[in-house]
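So this first bit is one chain, no partners, the form predicted on its own, shown in structure tokens.
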């Protein structure tokens, strides 16, 4: 008889993580590999799980946008994502075919990461929090009064409009809006603007003052609307040295004494790069 598995799947813009573990978020084993086309990416996950047993519950934390309303006819379908190969692809149909016995729960990658931080991480014990990831794109997970926010779709905060840095005429990289928040401050925006990926830019490069300015603008707007008790900043770009301190300083100037020191609300993810896959496993506890 096959071993019954509790599984997690984190689908990111550039990498995918598959795991088995427990409903409390404990990761027993995981495997990371590049995200490519839907069929190729998910076939690797299926094969990896089948080598270990039979998946009975699967939590999926994915990039978006995708339909998350369970009563929608297109539940689990990718919408106008910049990853063109994924547009119109149905996670529900795929897993109904290849894992028909598994109970499925789908959430955004950022909401899942926030769930993990709320349960066992940097926002533990809080009811109002924001998780912002800055990497291939900019995504936000939101919890208000103890409930993850979805609304008509789900938060798409990366497409906020932010005031431009003085002298910055960069057109932006967002294929839909050009110079929205994601278009000027994501990882691809940094690389296109400066000619090097973020992790290769030295600490004193002017890119970081501009990046801190843009991230502060969006986070300040989020604070005025959501009034979170914690703002968690994750993703590859966020790991740059002194970036959090620079963002805090910009938010202090933006506040101009109206709000308490917003910098104290800013935190790195306590779970680091594991937040997303831990959140995916925790989704199984909501079934």
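No experiment lies behind these values; they were computed from the predicted model shown. The term rigid core refers to the most C-alpha atoms you can superpose between the two forms while keeping them within 1.5 Å. Numbering follows the first chain given and starts at 1.
One more form of this protein, predicted in complex with adenosine-5'-diphosphate, exists but is not displayed; see below.
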Query raised in the report: Among 239, 221, 41, 26, which has at least one heavy atom within 4.5 Å of adenosine-5'-diphosphate in the predicted complex?
Result: 239
Query raised in the report: Of the options 76, 158, 172, 135, which one has a non-hydrogen atom that comes within 4.5 Å of adenosine-5'-diphosphate in the predicted complex?
Result: 135
Report task. Mark residue 197 yes when one of its heavy atoms lies within 4.5 Å of a heavy atom of adenosine-5'-diphosphate in the predicted complex, and no otherwise. Result -> yes
Query raised in the report: Is residue 214 close to adenosine-5'-diphosphate in the predicted complex, meaning a heavy atom pair under 4.5 Å apart or at it?
Result: no
Query raised in the report: Heavy atoms within 4.5 Å of adenosine-5'-diphosphate in the predicted complex: does residue 235 have any?
Result: yes
Query - adenosine-5'-diphosphate contact at residue 208 in the predicted complex, heavy atom, 4.5 Å - result: yes
Query raised in the report: Since the chain is shown here on its own, which stretch among 255 to 263, 48 to 56, 30 to 38, 239 to 247 would lie within 4.5 Å of adenosine-5'-diphosphate in the predicted complex, judged by heavy atoms?
Result: 239 to 247
Query raised in the report: Though the partner is not shown here, which residues of 62 to 91 have a heavy atom within 4.5 Å of adenosine-5'-diphosphate in the predicted complex?
Result: none
Query raised in the report: Is it true that residue 151 shifts between the shown form and the other one by 2 Å or more at the Cα, once the core is aligned?
Result: no
Report task. Determine, after fitting the two forms on their core, whether residue 79 shows a C-alpha shift of 2 Å or more between the shown form and the other one. Result -> no
Query raised in the report: After the core is overlaid between the shown form and the other one, has the C-alpha of residue 88 moved by 2 angstroms or more?
Result: no
